[in-house]
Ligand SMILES: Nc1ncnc2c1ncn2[C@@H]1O[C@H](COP(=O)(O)OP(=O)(O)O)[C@@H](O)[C@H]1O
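One chain comes next, on its own, written out as structure tokens in the form predicted on its own.
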């Protein structure tokens, strides 16, 4: 089967500085690819190149659609590291969604259709209880679930997650990554995930790209890549893999996080 995307000899220079050099890799269709590396290695820049937010040299080839012949995805979902909003802005999650889902301004009201659609979107990520909460008052984990809900509507062919758990308390990280793994399994969405948490990568990823100084240091399955030698080459000496999760498996171990994300209303 063709990969969803093929990246060939990709290079990015910004402000006269080389960020990425000679990147060759594939995003396997329907799989979770993890992108790991030190800060400044170029991970976020690679994500931005995929959505054409930065200029690049080389080629990014997409093989999308039912027959894999389309050269670009119909929809790409993107979850940034964090969302910064002014706490003085009294914007609820429903109103935040309405800004995206309806064409008229908020002061004209929110339609029942948008309310129902917002509830469905939040139910997919176990966050329907946040519908009327102020966005600026959400915790890190709650904010990321809201952003994930938006990124999944409409269903993306490619989902980009730029360290989505960076602002989440450690105890909440496993349920969040379990949710991502469940979405991947149920909807067969291709996911590119940036993470510093190597134990997470070993649990949820099917394929790993190690980025170091703007180049792919190594790539392969987690068992092939997350060796002491490869980790040392990517992160430096003194870094090794510790498995913080003890219940085994990348799946959704807590039944409260299994929501049947792709309901019959969408036929996904």
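Predicted, not measured: the structure shown is a model, and the values here were computed from it. Numbering follows the first chain given and starts at 1.
Heads up, the form predicted together with the named molecule isn't pictured, but that's what we're talking about next.
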{"item": "44, 234, 202, 33 - the one with a heavy atom within 4.5 Å of the named molecule in the model of the complex", "value": "44"}
{"item": "Listed residue (81, 123, 139, 186) with a non-hydrogen atom within 4.5 angstroms of the named molecule in the model of the complex", "value": "81"}
{"item": "Candidate stretches 202 to 210, 33 to 41, 225 to 233, 57 to 65 - the one whose heavy atoms come within 4.5 Å of the named molecule in the model of the complex", "value": "33 to 41"}
{"item": "Residue 25: touches the named molecule in the model of the complex, heavy atom cutoff 4.5 angstroms", "value": "no"}
{"item": "Contact of residue 19 with the named molecule in the model of the complex (heavy atom, 4.5 Å)", "value": "yes"}
